[in-house]
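Only one chain comes next, encoded as structure tokens, the form predicted on its own.
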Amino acid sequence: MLNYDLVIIGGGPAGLGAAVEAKKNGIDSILIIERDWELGGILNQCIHNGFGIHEFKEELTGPEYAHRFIKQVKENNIEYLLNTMVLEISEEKEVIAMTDNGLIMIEAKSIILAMGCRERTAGAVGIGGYRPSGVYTAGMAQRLINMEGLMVGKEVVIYGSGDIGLIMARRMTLEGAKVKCVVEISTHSSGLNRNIAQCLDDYGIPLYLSHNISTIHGKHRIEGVTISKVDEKWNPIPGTEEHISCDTLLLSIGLIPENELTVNAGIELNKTTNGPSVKSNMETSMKGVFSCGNVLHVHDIVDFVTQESRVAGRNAANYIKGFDDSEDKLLIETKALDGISYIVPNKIISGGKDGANLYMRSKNIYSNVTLEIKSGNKIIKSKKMRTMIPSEMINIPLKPEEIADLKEELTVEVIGI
């Protein structure tokens, strides 16, 4: 049995940031466990720029952003295991993992869950037809092209306008493919506006909103897809079918937090995000187990992941040293009201010494509204919002004095819808 003060599951941006922060807060015995062959996580395949604007005040590529934290991990002599898959964690904080050399067991004082997320596949949305070659999730295609040097196709349709799909529309074009269109079932894109402009508009790639892909054609290799207009309930409108020939279909239809370990450990999940339910110090329902990053809720920018990982790393370090910020304090539930789809964290520590960072998304597109945060009848904070769109996460920090005497449920609501 190996022993560490802190075990971090996942060597992507969340795990790296949490490890460095825990080290800064006095924890020397740290182990990062990563199932891939190198640290950095999803950032390694994101060779486009746009990372680090908040964190470093400059635009970096994904590998450049990851490198800055990998460097800090190495400079701080933080241990890590690669090619290692964690199979199980227990309430006693025992970790069972499979390495190149067989099973290992680790006993930890604290654990941070930073496993990231995975992509939804064609089966998740019930597209008709066979499952021929040429159908990829957008992230898999990104990895094959950017890390393995393999081109996946020449005539491409992309289903879903999430950020990975938008970025891959540009990437495939730059690699010489013809991207025929991006198909989005919703009335608006689920990607960032800047990515619509830079990845579609700049290259003349059409975006078909309120459309679905009902059928994949081809038995051995994809030959085309049928798209249709959909009504407000996303039902195909008869007579609007259109056949589009292609040899490649990329799916960008949503991300799912990798929470199998979390569920098997009996940790409570947030039903909206499918990530662990956490307090404002990022502690889950299991004492001493913290969570951050895309396994907690899916982020659109990595800078917020780093911000969150610091809270998890710092509080895991405090827990190991015997200080629990939530002990003997009221835990106040957060609740999303009109216009808000979810809030993380799920509980605010009343009187928490570090305050709280609220992360949330709007349910729809709103203009010139006010975001109001209340506890009972008391307005804690309000903010004028010129625009709110579901694809852009909103972060509202609350200072320690703003949550010093919370006694009633904390609600967030969009006023003026």
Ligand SMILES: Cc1cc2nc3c(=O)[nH]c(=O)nc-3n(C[C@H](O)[C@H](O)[C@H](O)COP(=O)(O)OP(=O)(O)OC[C@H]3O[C@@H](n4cnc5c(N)ncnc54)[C@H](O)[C@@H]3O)c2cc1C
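Counting begins at 1, following the sequence as shown. Since the model is a prediction, treat every value here as computed from it, not as a measurement.
Below, we turn to the form predicted in complex with the named molecule, even though it does not appear here.
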query: The unique member of Gly116, Gly153, Gly160, Pro345 whose heavy atoms fall within 4.5 Å of the named molecule in the predicted bound form; finding: Gly116
query: Listed residue (Ile320, Leu255, Ala122, Ala336) with a non-hydrogen atom within 4.5 angstroms of the named molecule in the predicted bound form; finding: Leu255
query: Whether Glu21, Ile30 and Gly313 all lie within 4.5 angstroms of the named molecule in the predicted bound form by heavy atom; finding: no
query: Region of this chain that lies against the named molecule in the predicted bound form, out of 224-232, 283-291, 83-91, 209-217 [heavy atom, 4.5 Å]; finding: 83-91
query: Partner contact for Val183 in the predicted bound form: the named molecule, 4.5 angstroms, heavy atom; finding: no
query: Partner contact for Ile164 in the predicted bound form: the named molecule, 4.5 angstroms, heavy atom; finding: yes
query: Interface membership of Gln45, the named molecule in the predicted bound form, 4.5 Å heavy atom rule; finding: yes
query: Residue contact check: Val305 to the named molecule in the predicted bound form, 4.5 Å heavy atom; finding: yes
query: Interface residues of 1-25 toward the named molecule, as seen in the predicted bound form [heavy atoms, 4.5 Å]; finding: Ile9, Gly10, Gly11, Gly12, Pro13, Ala14, Gly15
